[in-house]
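To begin, one chain is listed below as structure tokens, in the form predicted alone.
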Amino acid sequence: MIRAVNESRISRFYVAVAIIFGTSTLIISACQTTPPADPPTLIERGEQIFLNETFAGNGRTCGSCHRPTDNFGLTAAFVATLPEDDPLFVAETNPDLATNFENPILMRELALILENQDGFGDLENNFNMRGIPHTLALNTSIDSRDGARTGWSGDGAPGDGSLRSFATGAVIQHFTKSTKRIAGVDFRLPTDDELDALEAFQLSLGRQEDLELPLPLQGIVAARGQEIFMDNTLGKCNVCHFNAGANGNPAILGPNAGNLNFDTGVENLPDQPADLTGELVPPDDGFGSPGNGEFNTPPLVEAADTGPFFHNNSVETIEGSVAFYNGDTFTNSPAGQLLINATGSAINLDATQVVAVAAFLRVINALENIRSNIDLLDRAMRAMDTSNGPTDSLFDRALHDTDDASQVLTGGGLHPEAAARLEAAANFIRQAKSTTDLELRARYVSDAISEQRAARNNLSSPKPVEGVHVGDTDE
């Protein structure tokens, strides 16, 4: 950073001298003080493809649905902010996609996207309406004993089900110019090099390792929620979401359980928002073709700010999603019966216990946002130091995640001091983005990071204890 500030001062000096003497050679010398940008890495190339490549299709990119400033997912609130010519709405502007490609009502009201997991043979009747899963922490959440589990039901990719195949399936499903879906006409398929880059980028997003519970949480409600979460006779959450991730507990579900598919009965919930609209919403049969009613396990660390929940956006709040596992729908499902057989009883939490578990999930989500924010701000500083690319997108993501963390806490009535610290950090990020003075920008970024760390220390013990992973500790 110091080098970048000094170079900025040198550049301004030479420009001033050039103006005084009317020469151009010194201006050229000033330009040469900025080192050339390094060539993009595989991950950086994957990011460029993810956000910008349309694959000769209808104008959509991977980022059309997996928005960096919406947790690499998409919510109805975010959809409402988009201009009418956004490629997301291509079904409303392209006559060849006007029928059987999307349902604009469900997309705009509930952020549901039309999927054809069971093939394209009967577009009018054989389809599913699903929310858009975030692509965070994929490196920790898609492996299973039976291969990769991508998408809501674990079969979101054609062929071998891998993340590389997922990208190919997404182009065929969502990027096409018409519902005929003819490769070379309606789109082009990704090359092997592009698939490699896309895979590298997606695997780089979010956490690269699972938590190690229990964490030394400061709040009494969240700490109690963590106890309930981990108690295999009470909350039992840790059975399927080991360490609040997406993998099964190896002590209960077997070694190397990985990401597992379950029929939780969620598809049978009454009064689902999509059904209440009166739009055609066929039952979603889950994994396989035809499906077996199973859906794969999502990670919970990222859950609180990535709702609505479940594959069809049927529950809006984190408290509601926890409460689902108390109900008859889950208890009577195959997954509910499996849990009873494994632990001896059904889940039966009172309202205060539901809120406590949700508080735990809110706090670990805020902690992950803080970890991510500090990393993004550090990357922005390095980018400024080396002149190796724009920083605005990094500031935008950090600002979004900081606001998310604050809202997640205030939404549960948790840690007002931490929420205030996060709001202060957000203001510093806005100021850093708005100034062109590198020295001032560096000061704002430093202040933002300090506020993030103070917020983190309000949520969890600043000193890691043996066997406990609490993330960034570089103070």
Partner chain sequence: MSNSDLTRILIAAALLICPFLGPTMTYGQQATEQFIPIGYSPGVSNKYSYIGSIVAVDREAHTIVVQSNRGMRTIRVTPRTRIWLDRSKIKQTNLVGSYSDCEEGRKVEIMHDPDDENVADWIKIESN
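Nothing here was measured: the structure is a model prediction, and the numbers come from that model. Positions refer to the first chain, counted from 1.
Below, we turn to the form predicted together with its partner chain, even though it does not appear here.
Taking its partner chain in the predicted bound form as the reference, which of L203, V281, A76, L338 has a non-hydrogen atom within 4.5 Å?
-> By the 4.5 Å heavy-atom cutoff, the listed residue in contact is L338.
Answer option from D392, D193, D328, D146, heavy atom within 4.5 Å of its partner chain in the predicted bound form = The option sitting close enough to the partner is D146.
All of L349, A356 and A383 within 4.5 Å of its partner chain in the predicted bound form, heavy atom check = No, the candidate spot makes no contact with its partner chain.
Any chance I182 has a heavy atom within 4.5 Å of its partner chain in the predicted bound form?
-> Yes, contact at 4.5 Å.
Should A157 be classed as touching its partner chain in the predicted bound form when contacts are defined as heavy atoms within 4.5 Å?
-> Yes.
Is there a heavy atom of G119 lying 4.5 Å or less from a heavy atom of its partner chain in the predicted bound form?
-> Yes, G119 sits close enough to its partner chain in the predicted bound form that at least one of its heavy atoms falls within 4.5 Å.
Would A80 count as a contact of its partner chain in the predicted bound form, using a 4.5 angstroms cut-off between non-hydrogen atoms?
-> No, A80 stays farther than 4.5 Å from its partner chain in the predicted bound form.
So which of 253-261, 106-114, 319-327, 211-219 is the stretch with heavy atoms within 4.5 Å of its partner chain in the predicted bound form?
-> Stretch 253-261 is the one.
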